[in-house]
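Only one chain is shown below, in C-alpha cells, and it's the form predicted alone.
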C-alpha cells in the first residue's frame, strides 16, 4: 500500500520566529493522532528552514525546501543547492511549482536536472504537474501532464521512480475559490498513473504516490482523499495556520486507515 502524504508549502510566509511558533502548535495539535501510517512535511522559506527543522526534530513532521538548483555550488546568485538544503535539515524539496514556471521562466528540462540532483543527494523530490486554464479548455490536460511527467523523470531508473512524489496541481485551481472537482481529479490521477504504467511498468505505477494540490481545504479534502488514485494532499493557504494543517493531517491519517482496511481480505 502506498503511504499517504500530508504536505504544505508556506510560500513567502513565516519567518524564523513564526516558524517556531507554528511548529510548537502543530506538534501539540497532532500529538493525539496516529500518524504512523502517513508522511508529513512542511516547506518553509529558505531563511526559516534550519529553525523549522530544529523545532520539528523528534516529531513526525519533516521539512523541505521550496526549490533548489541543479548544481552543488558555483556562480548562481540567489540560488540554493541540494547540499545546502540537507545541511539545513531538509528531507524534501518541491520542484516545478506553477509560480516558478509562470514568474521565473522555469522549464521541465530544468526540472529534470533538479530531480536528478535531488535524487542523487538523497532528497525526496515533490514534482508539481499541472495544466493551465487554456490547456484544460482545449482538452489537452492529459497530454500536457504526460509531457511534464515524462520530462521530469527522464533518465531515472525504474526502481527509483517511486521515491519521487508527484503532485498534481492544476494551475487554474491554485489560489482559486475552489479545488478541481473530485471527478476531474480522479480522471487526471488515473491518467498520470496510466502514463507510468505504459512507460515504466505496472510495479512503478502502483508504487508511485500521486498527491493533489490546488485550493485544498479541510472541507473538500476528505472527498478528494477518498479517490483510489489520490495518495495525499498538498495544501497552501488552508495550512498556513497550524490549526488548518492539523485538520489536514487528521484527514490524511483517517484516510490511510480506511484505505488500509479496504485492502484487507
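What you are looking at is a predicted structure, and each value in this text was computed from that prediction instead of being measured. Numbering follows the first chain given and starts at 1.
A second form of this protein, the form predicted together with a small molecule, is not displayed here; the remarks below concern that form.
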If contact means any heavy atom within 4.5 Å, which of 230-238, 202-210, 49-57, 66-74 contacts the small molecule in the model of the complex?
230-238
Assert contact residue (the small molecule, in the model of the complex, non-hydrogen atom within 4.5 Å, options 186, 116, 99, 163) equals 99
Partner-contacting position among 141, 173, 192, 123 - heavy atom within 4.5 Å of the small molecule in the model of the complex
173
In the model of the complex, does residue 169 come within 4.5 Å of the small molecule, counting heavy atoms only?
yes
Within 4.5 Å, heavy atoms only: does residue 214 come near the small molecule in the model of the complex?
yes
In the model of the complex, residue 20 touching the small molecule (heavy atom, 4.5 Å):
no
